[in-house]
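The chain that follows stands alone, in the form predicted alone, written as structure tokens.
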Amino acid sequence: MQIGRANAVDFRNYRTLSLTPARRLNVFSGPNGQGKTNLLEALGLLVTGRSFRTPRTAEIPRWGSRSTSVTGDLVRADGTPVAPRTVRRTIEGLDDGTWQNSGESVEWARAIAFGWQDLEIVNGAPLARRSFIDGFAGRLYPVHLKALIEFRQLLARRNRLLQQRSGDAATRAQLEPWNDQFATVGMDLVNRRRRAVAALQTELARVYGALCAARSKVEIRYRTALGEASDAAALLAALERARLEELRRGQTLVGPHRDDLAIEIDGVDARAFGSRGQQRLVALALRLAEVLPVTEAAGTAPVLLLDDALSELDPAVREQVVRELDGAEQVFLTTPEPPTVTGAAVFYVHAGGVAAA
């Protein structure tokens, strides 16, 4: 898919924003702090209805404004002659102090964003890796994110019961009806994550091999205490084995909320032994590896939003990254340096303004 045009009002540091991007590679250049990342965020909100930077929608409207809007045309670029879909997203403050995010859902629209925070996928806590794989699985399987919300509600309910410490027999009786739901929804999450990891690994091997001049090999695996088990009965049995320790600690100790991803470079833990440059390249490769599986799932290619993706990379690797981007559908790339990318539409961003270079 492609973004045909985009307009925004009172979005972050932009009073108004109007952009007609090129159909392939678009480069946003300019000093730091001028609005390049904000521009990517606006494009991501247009495509998906959500910010890739923050769940706190109150941060998005321009300072002092009670609302913001992003409008534009989305084009399903899969060879089918379909008219552009005009989309409008709004965020507005309500009288009760909450903020409302509204807009039409576009079932085939996908965006993949890369930013500095993605380094945490490689070197951060397990939560960052679970969030990454859940986001990817959500782009492949629309039911995944809804199930994730349901699982978190079940987990919170189960933890509250464990924290009551009302006695082993009483707590066990209270937990029993929740355990079945927890195990069913939890194993569905685990199985979708496993399928997502398998799809990602196939493409990751190709992408990282294309980017890495040293021809290193990167692998990603799903790690769970449940081993290879795939049915809810296995999670129920694990809950039973952990029951006494859960009662003692007042929290659920097994399930998808405790799982992790193993990411290795040439068989070595990338978190512990990879250099910062290697870790950043792995994080970027993970995002680029999403493109083909997401394209196959959605029926049209996702838009790529790459924030300062070339920094901290060797010149030879940068060239390989740009070559990989040539095969993508539509790409938006920010850089603080004067661009050296040939064949791209270049825009200069300064003080909340965007102009063709």
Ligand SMILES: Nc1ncnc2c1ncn2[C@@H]1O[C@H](COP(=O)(O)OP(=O)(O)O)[C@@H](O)[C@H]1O
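Fair warning: this is a prediction, and the values are worked out from it, not measured in the lab. Note that residue numbering begins at 1 and tracks the sequence as displayed.
Heads up, the form predicted in complex with the named molecule isn't pictured, but that's what we're talking about next.
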Residue 318: touches the named molecule in the predicted bound form, heavy atom cutoff 4.5 angstroms:
no
Considering only heavy atoms, tell me if residue 59 and the named molecule come within 4.5 Å of each other in the predicted bound form.
yes
Although the named molecule is absent from this view, report whether residue 300 comes within 4.5 Å of it in the predicted bound form, heavy atoms only.
no
Is there a heavy atom of residue 44 lying 4.5 Å or less from a heavy atom of the named molecule in the predicted bound form?
no
Among 320-328, 285-293, 44-52, 29-37, the region lying within 4.5 Å of the named molecule in the predicted bound form by heavy atom distance
29-37
